[in-house]
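Each of the two blocks below gives one form of the same protein chain as structure tokens; they are labelled structure 1 and structure 2.
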Structure 1
Amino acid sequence: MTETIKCILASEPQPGIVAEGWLRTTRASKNVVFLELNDGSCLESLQAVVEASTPGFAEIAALGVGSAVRVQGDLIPSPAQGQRVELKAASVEIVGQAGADYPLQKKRHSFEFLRTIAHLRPRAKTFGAVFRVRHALQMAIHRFFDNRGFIQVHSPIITASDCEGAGQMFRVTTFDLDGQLPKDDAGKVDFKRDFFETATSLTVSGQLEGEIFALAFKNVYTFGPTFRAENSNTSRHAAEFWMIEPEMAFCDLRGDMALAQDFIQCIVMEVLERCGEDIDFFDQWIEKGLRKKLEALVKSSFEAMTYTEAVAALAKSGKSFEYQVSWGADLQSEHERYLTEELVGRPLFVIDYPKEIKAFYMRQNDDDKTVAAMDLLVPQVGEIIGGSQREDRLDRLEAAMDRFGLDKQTYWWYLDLRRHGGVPHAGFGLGFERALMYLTGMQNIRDVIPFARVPGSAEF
């Protein structure tokens, strides 16, 4: 394996090196050709200088953008402005030529067009930066939890339980859908004869499994793909996305919020440190002021207010909202945006929501009206984290399940946890792609995920 271009660009001038990469652009004149080599290891490209005496000069001069080459030569201080070092080529091997119809050009393309060539867009500058940051963010998340002694739980992707009834699920089956489906006595599809001998789906959340492990390992987290078959067509939703769900035993809502803030700040700090060049690129081309926004986030403590306070603040804001604000109704996007962008201007926890509009497993507060829930709202993206302290009292949990019309039989193991050494515990879920959007300033979830799955589209 040869050195990456990132390593070469960082090293001192030296004779006899080899660089491999794809051409970002070429500039040819009669006696000299400049090749810009990029291999995705960093934002910058390596300039290779090829003189007319180099074997195969004519073919090299005719190379198009996207071609793959291997260049051997000496790394020398660049005599021209624009780069510290450059590669003076002794030989150039054309490894894979790109056709004249190579769709990526040395100019800006629209993200819409690039989505139609998802097999080539990773070679574009913006997507190089996005996916380097995506990797760095993932590593930062694992490191954050590992440093604090959290255990990662690989929660199952195929599940027979439907967490909180949240959203449409993708059915998993081995039935031959073209053939006759086996029916039970009532005339319904008989999943007892399916592969798992029960109806199964792709997971919408690993939280319930996370709770099981939290009640054994104290602090755990899940980090995996989740699936929602909702027909939501927006720039913030995908049918397949990744979610991080920490769960802590012997922890209440305050502890949950403290961890959430620490978590967000630590992972942002690490990405700023490790991907400074990429962040500056986003700051310049995607979202002006991005670096300032992230640096401020790392320093400031987050604001917090109760749902009741939020409703009062919205009522006296003097703003005319499309949706009426009233206690008991869920906050709309426009309300959340006002609170985090205009009222406080930074990340904001909204806590203690009415129990009717939140999930059954959230711990009921003493007022009998609200539950110990928290949403973290951030400017531009909206809700980035949703979490709660879980209901650990068996009678209250059963009452809540009755209220929500849930079948206690299917959740027998979840209830059982409250019978055997149950403790107060809490956790939250972070949408990985949403965090990435916040970090990069990218405005469409389709552009921060390698191959987006959204309604009507699963190509690549």
Structure 2
Amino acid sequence: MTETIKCILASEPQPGIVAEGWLRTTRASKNVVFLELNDGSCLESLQAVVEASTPGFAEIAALGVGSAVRVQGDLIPSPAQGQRVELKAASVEIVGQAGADYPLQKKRHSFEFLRTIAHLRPRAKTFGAVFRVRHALQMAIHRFFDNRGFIQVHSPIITASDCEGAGQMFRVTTFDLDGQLPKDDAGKVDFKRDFFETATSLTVSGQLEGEIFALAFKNVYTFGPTFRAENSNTSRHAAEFWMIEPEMAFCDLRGDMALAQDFIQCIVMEVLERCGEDIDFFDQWIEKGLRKKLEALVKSSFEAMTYTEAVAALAKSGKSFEYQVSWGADLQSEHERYLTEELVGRPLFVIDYPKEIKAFYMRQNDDDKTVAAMDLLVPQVGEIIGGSQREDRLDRLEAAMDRFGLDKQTYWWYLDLRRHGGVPHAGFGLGFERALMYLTGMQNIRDVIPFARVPGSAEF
């Protein structure tokens, strides 16, 4: 196994180096060919210099962008500006040629075009940077929780429960949809004759299963794919995305907020340290001031205010918002951004939302109007984390389920947790791709996930 180009570029000049990768550019003259070689390990490429005396020189000179090669030679100091070393080739093995119709050329391509070639776009410079940051962020998340004694739980992807109560879920079935669906006595589809003998869907959240394990292991987290059947074509929505959801027993809303702040600051700091070159690339080409924004987040003290205080501040702002501000209505992105960017000028927790606009499992406050929920808002994005203290009182939880029209029999096990050693507990959720958008400055969720699943498209 050869060294990566990242390692080679960091090495001192030495003989007998082998480099493998794909050609980003080629420049040929009568006596020499310059190959710009990249293997995805870093932003920069390694220049290989191939002289006319090299075996197969004519064929090498005819290589197109995208071709895969293995180059053997000596790593020498580079006389060219902007690069410390280069590879003086002794031999070049052509591993795989790219055709003349290879769509990725040296010119800049639109992100819309690159989405149509998602099988090739990881080789583009921007997407190489995106997916290196994606990997680093994932590793930072696992390290954060592992260092604090959390246990990871693999929650099920197929579920019979709807965590959010929204009903916008993808149905899972083995029924032949082209045939006659079996019906029960009421004329409805008889799911008792399906594989799981009940109606099942793709999960919208691993939270409820996380609560089960939190009430045995105290501190747990889930990190997996979630699915929403929302016909939304915005730049921030996808039908399939990844969620990180920690759950902590013996924890209230304040403890939940403290962990959320520690979490977001730690993972951003680690990405800054591990992916500095990529962050600087995004700062230059995607979002000016990105590094400064991220460094400010890491150093910030976070503010907190209640939903009621937030609504009052919005009403007194004198701003003309597209969506009207009123108590009982959910805050929109424009409201969140005003609060965090203009009113407080730093990250902000908004807490204690009206119970009518939050999920059934959130703990009801003593005012009988609000629940112990929290949203973390950050400048330029708005909400990035949402969480709550969970309702641990059986009677209050059952009343909330009745209010939301949920079948308590379906959630018998969830209610059972309150009957047998239930304790105050809390947790939150972070959308992995939205966090990645914040870290890279990328404006569309389709561009931070390898193969986007959105309305009308499940290609690749």
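The term rigid core refers to the most C-alpha atoms you can superpose between the two forms while keeping them within 1.5 Å. Numbering runs along the sequence of structure 1, starting at 1. Nothing here was measured: the structure is a model prediction, and the numbers come from that model.
Undergrad: Name the structure that matches the description of the form predicted on its own.
TA: It is the second structure (the form predicted on its own) rather than the first.
Undergrad: Once the two forms are fit on the core, has residue 381 moved its CA by at least 2 Å between structures 1 and 2?
TA: Yes.
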